[in-house]
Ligand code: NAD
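Before any questions on how it binds or moves, here is one chain, the form predicted on its own, in structure tokens.
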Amino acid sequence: MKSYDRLFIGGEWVEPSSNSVFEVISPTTEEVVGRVPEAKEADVDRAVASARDAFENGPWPSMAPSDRAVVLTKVSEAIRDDLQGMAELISNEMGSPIAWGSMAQVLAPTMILDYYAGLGSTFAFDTVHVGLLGPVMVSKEPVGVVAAITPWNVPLFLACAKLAPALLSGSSVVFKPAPETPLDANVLAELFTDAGLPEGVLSVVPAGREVGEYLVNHQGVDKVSFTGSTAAGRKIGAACGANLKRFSLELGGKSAAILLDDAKLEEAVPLMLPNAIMNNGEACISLTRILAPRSRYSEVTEALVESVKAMTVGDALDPATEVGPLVAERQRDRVENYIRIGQEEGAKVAIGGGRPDGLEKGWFVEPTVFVDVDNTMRIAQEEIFGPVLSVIPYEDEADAVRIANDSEYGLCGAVFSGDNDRGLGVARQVRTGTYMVNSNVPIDFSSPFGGYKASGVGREFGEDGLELFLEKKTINLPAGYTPDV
């Protein structure tokens, strides 16, 4: 049990404005493993006011970027010092298999922090060039007060993906984690305090949807950075547009993995499957549509079924577990409903489709593979967010590209071929923000990540991720003047 009775606002642990609390329930045991206060509108007001004061009057925005980077480095080191403890905490919060989570849920956030800490010494915040009418300086300045809102599936990872570049920019942040995963957010706040982050620069306000909307619309917020569902992203984009407020959105996906007719299945399937059912299928970049040539459809299906059959389902804290429980009972209900929908639409369950034997407690769903799927079916078009795969046949390479692009989403994807040049040719045709060619690396933290179409607006990671939190100012200079930058 890890419990908090105060909210982290402006660098201090303060009394919440109400007695409401969130109980954190283990998806494996269905037992309460933590409690935190639920932030209300008054708490958001206090957090935004503190962030505004820190931005306008505090030392953080005026510090050298390299000095701000020192704080990021210290937080990264502190996370690595307790990697196992953080991994267990997150597995208890949302059910991520600890063997996968130790790397993706905990080590990966330190890589993000380290990357942006490195930019503190190398990124050109000020540049001078010869303009058409004289010398010009372009200054990149912090955007101001940032509202960072994240979901529950990779909580520490997404927190660092937003906090690292936002804080490096010199901005201050009001961070709203999901109600399901507030514990690691509070631990992260403690680490930033220990690392020397000035008061007011960071607040953590665990809250539900209504308070999240209040934060998005708050007049004291200059920029909203959101990761979550496309439906929520549309509302946030509309609200920010109405107020001419900066925003970036990393949203849903329904990514396709194309197995070309020359793919070596003994190599392709082991590369593909971990990215298809990663994090129990609760990942926006999951390769949930498997496109197989009709001439090899049975062969591909058999290879997938055998691989899925060998996967270990169980306790999220067991290092042998490959597929753990879903985050909540409602999420299990949602996934099971999609499995019913798929069968009603005419698709067939080749493996899975139910609850695993011997696991009476916990919100488990068997890894499921659908065959005889048409891309127009709901299970092929809608984001399920669970361990459910659809194997879709195609006629030729052009047909495979057409099917891959026949989606409102465009976040991730992959192609597997015996010819890397051929695979790259396919990658160039698929309209998605991130792509893999004979690879199992979906995200490179030094490179832009984001989506086409309904998968989002803007790019996180790399220098693009820092640019999201910077405003550009053009300063025209007198002839012959060259300032030090």
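When you see a residue number, it is the position in the sequence shown, counting from 1. Model, not experiment: these values are computed from the prediction.
We do not show the form predicted together with ligand NAD, though everything after this point is about it.
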Can you check whether residue 262 is within 4.5 Å of ligand NAD in the model of the complex, heavy atom basis?
no
Contact between residue 118 and ligand NAD in the model of the complex at 4.5 Å, heavy atoms?
no
Flag residue 184 as yes or no: does it have a non-hydrogen atom within 4.5 angstroms of any non-hydrogen atom of ligand NAD in the model of the complex?
no
So in the model of the complex, does any heavy atom of residue 235 sit within 4.5 Å of ligand NAD?
yes
Looking at 358-366, 248-256, 135-143, 267-275, which stretch has residues with any non-hydrogen atom within 4.5 Å of ligand NAD in the model of the complex?
248-256
Among 151, 220, 393, 314, which has at least one heavy atom within 4.5 Å of ligand NAD in the model of the complex?
151
Under a 4.5 angstroms heavy atom criterion, identify the one residue in 101, 165, 212, 200 near ligand NAD in the model of the complex.
212
May I ask you to list the residues of 156-176 that have any heavy atom within 4.5 angstroms of ligand NAD in the model of the complex, in sequence order?
158, 176
